[in-house]
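First, one chain by itself: the form predicted alone, in structure tokens.
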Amino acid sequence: MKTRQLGTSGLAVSELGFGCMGLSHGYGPATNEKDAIAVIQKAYELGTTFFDTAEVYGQGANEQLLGKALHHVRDKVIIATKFGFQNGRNTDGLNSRPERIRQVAENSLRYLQTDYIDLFYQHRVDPDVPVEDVAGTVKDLIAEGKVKHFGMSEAGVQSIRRAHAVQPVAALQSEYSMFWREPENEIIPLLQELGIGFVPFSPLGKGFLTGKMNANTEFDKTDWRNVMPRFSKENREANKTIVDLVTKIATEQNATPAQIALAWLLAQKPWIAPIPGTTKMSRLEENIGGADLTLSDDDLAEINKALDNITLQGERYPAILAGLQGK
């Protein structure tokens, strides 16, 4: 797989990374350890060198999986993890105080079986802690050799600018896909200006863009899509238009809808590296195939014109979580 530079930071990653969250958190019961490790290792064998995890994905359980799977090739991979929640649980509120950041860093180093973190993200902006203090703490960790690069997740324009002035932000991780294009308004121009890489999570629209989901799909009771307005039965039916579009393009390109969605993202900017995740070997191989698909300028113009004419229904997050989106 080809590599990409995340902005001007000097951080080189495989053009498609692997999002590990779903192996432990968010989309139903955790995958058993043996199968989870096998998927991570297969991703590496197929050329993936960029792996994404976080403390909050099972209170360290996901990081431990990654440590077990990749410790023997540690010098050949880029590992990103995150801090920012109290007690390592997203239900306990935010906490990016300096002492908490340091505590998470030490835990992550232990769980990941490593002595450095390649990319350390603030998971969500904490309104109670000046972002300059957050950036300064990570700057200190970088000086100590425990962290290589600083990242932010779901941060807004003001927070990114303020943090970047203290410690350069190597990458922003936020949701971006055909199913959620809001970053095109302000975020992508800012990242271009400041030389910051972009790591889109949920590049397949939390599974919606694969074409494998419809209004009748039933989610596991622990799957958080149950509470996301955009994934209500009515909105899944209303948003079928975009699935039809992606499926049509996939048929024309002799590809799958997931591959089209990933190829479209990769074509947006050369410093974008999406992190699709999966628990299945077949889906992993399918996703990686998206990196081999090149859409022409005419293809992209046709797709974007069609996307501009689609109005998607439903908010991205329920109101209780909306406040976690950065300013």
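All figures in this text were calculated on a predicted structure; none of them were measured in a lab. One-based numbering along the sequence shown.
The following text describes the form predicted together with a small molecule, which does not appear among the structures shown.
Using a 4.5 angstroms heavy atom cutoff to the small molecule in the model of the complex, all of M21, A258 and I275 count as contacting. Looking at 116-124, 247-255, 130-138, 100-108, the stretch with residues near the small molecule in the model of the complex, meaning non-hydrogen atoms within 4.5 angstroms, turns out to be 116-124. The small molecule is not drawn, but in the model of the complex it has no heavy atom within 4.5 Å of W264. When contacts are judged by a 4.5 Å heavy atom cut-off, E63 does not count as touching the small molecule in the model of the complex. The closest non-hydrogen atom of S96 lies beyond 4.5 Å of the small molecule in the model of the complex.
In the model of the complex, the small molecule sits beyond 4.5 Å of every heavy atom of K148. Only one of T279, Q59, Q41, Q268 comes within 4.5 Å of the small molecule in the model of the complex through a heavy atom, and that residue is T279.
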